[in-house]
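In structure tokens, the next block holds one chain alone, the form predicted alone.
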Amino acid sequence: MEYGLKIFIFAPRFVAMTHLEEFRELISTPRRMAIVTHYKPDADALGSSLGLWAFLKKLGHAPVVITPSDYPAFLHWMPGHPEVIISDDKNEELISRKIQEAEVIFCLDFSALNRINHLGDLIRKASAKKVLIDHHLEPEHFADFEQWNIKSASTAGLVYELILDLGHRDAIDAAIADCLYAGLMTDTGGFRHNNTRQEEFIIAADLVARGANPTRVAKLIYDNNTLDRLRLTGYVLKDKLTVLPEFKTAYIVLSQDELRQFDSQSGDTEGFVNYGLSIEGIRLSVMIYERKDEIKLSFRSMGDFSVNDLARKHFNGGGHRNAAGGSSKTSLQETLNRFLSVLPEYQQQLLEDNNV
């Protein structure tokens, strides 16, 4: 068993952090640190943040995790959740102070500071050394150190690789392993998405060896629904899923009134966009939903069709080739009309894309 793990650990797979030795020196003495992730954190964003938080504490540092918004209740099981500082009216002064006092700021699972709303300006102005750990396309390159690899399926996997590069594999305990495994599992869609490389299985295997419990983590994330969420899912599939065979496209549109009807909580729409791709012949799936101050769009695709390009060009967004997000400041109906109006631009590409 030990021999097998050595093969896993030393198999060539890493893209090392830029200026790794300088970074190693930076964290060689205890420092005040802030870890910030993106708006509406998912399991990868929160899992990588809390996994890194627990690791840095073991090294003697004083880190805090800050999120620009709340996150789903099905992530509250993660060790360290009660310590997370969530941006809201009562925490703004505390967050501002923590960012100003930080000597090192880690930016996890986002590639540009505008992904964290008003926190982006605070971080840009902060005197701290900045560290980017991310796997999204086209990073802003605002950081002093980057652990960035678009081939990595998850930011959690990059945190794992950084810990190993620093020579601290033994610091990964069951709590850290669970957090990182959650991010890896969800960003690969349960190891089903085409971003799942050999490296993801190697990392997952070693996290399990360090104490991650795959059955428990999957149960807590995937099988932890409220009755309202299940009823919302039924409503979406029955009444809101629209299919456009001429574009090999499916889409879902949800208003705030509809979400309120099912007492929707943060994270209740997670994964809805994937249902469209489960339909035979569909290559593009989109979910458009209304928030208090803007319209959000989630894009998923199969094959070579790049939703990153579509989101960047038309909806102020981006992400990965087959998974991206966007936003709109117009109304829900106007956003839908905009999406439908640009579909003909991609029709030939969608119909010809058979690389699945």
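Note that the coordinates shown come from a computational prediction; the quantities given were computed from them, not determined experimentally. Start at 1 and count along the sequence shown; that's the residue number.
Omitted from view is the form predicted together with a small molecule, to which the following refers.
Q: Taking Leu75, Pro79 and Lys219 as the candidate spot, are all three within 4.5 angstroms of the small molecule in the model of the complex by heavy atoms?
A: No: no residue has a heavy atom within 4.5 Å of the partner.
Q: Out of the stretches listed (29 to 37, 316 to 324, 65 to 73, 47 to 55), which one is close to the small molecule in the model of the complex, meaning heavy atoms within 4.5 Å?
A: In the other structure, the partner sits against 316 to 324.
Q: So in the model of the complex, does any heavy atom of His136 sit within 4.5 Å of the small molecule?
A: His136: contacts the small molecule in the model of the complex.
Q: Quick one: does His61 come within 4.5 Å of the small molecule in the model of the complex, counting heavy atoms only?
A: No, His61 is distant from the partner.
Q: Give a yes/no on whether Arg115 approaches the small molecule to within 4.5 Å in the model of the complex, heavy atoms considered.
A: Yes.
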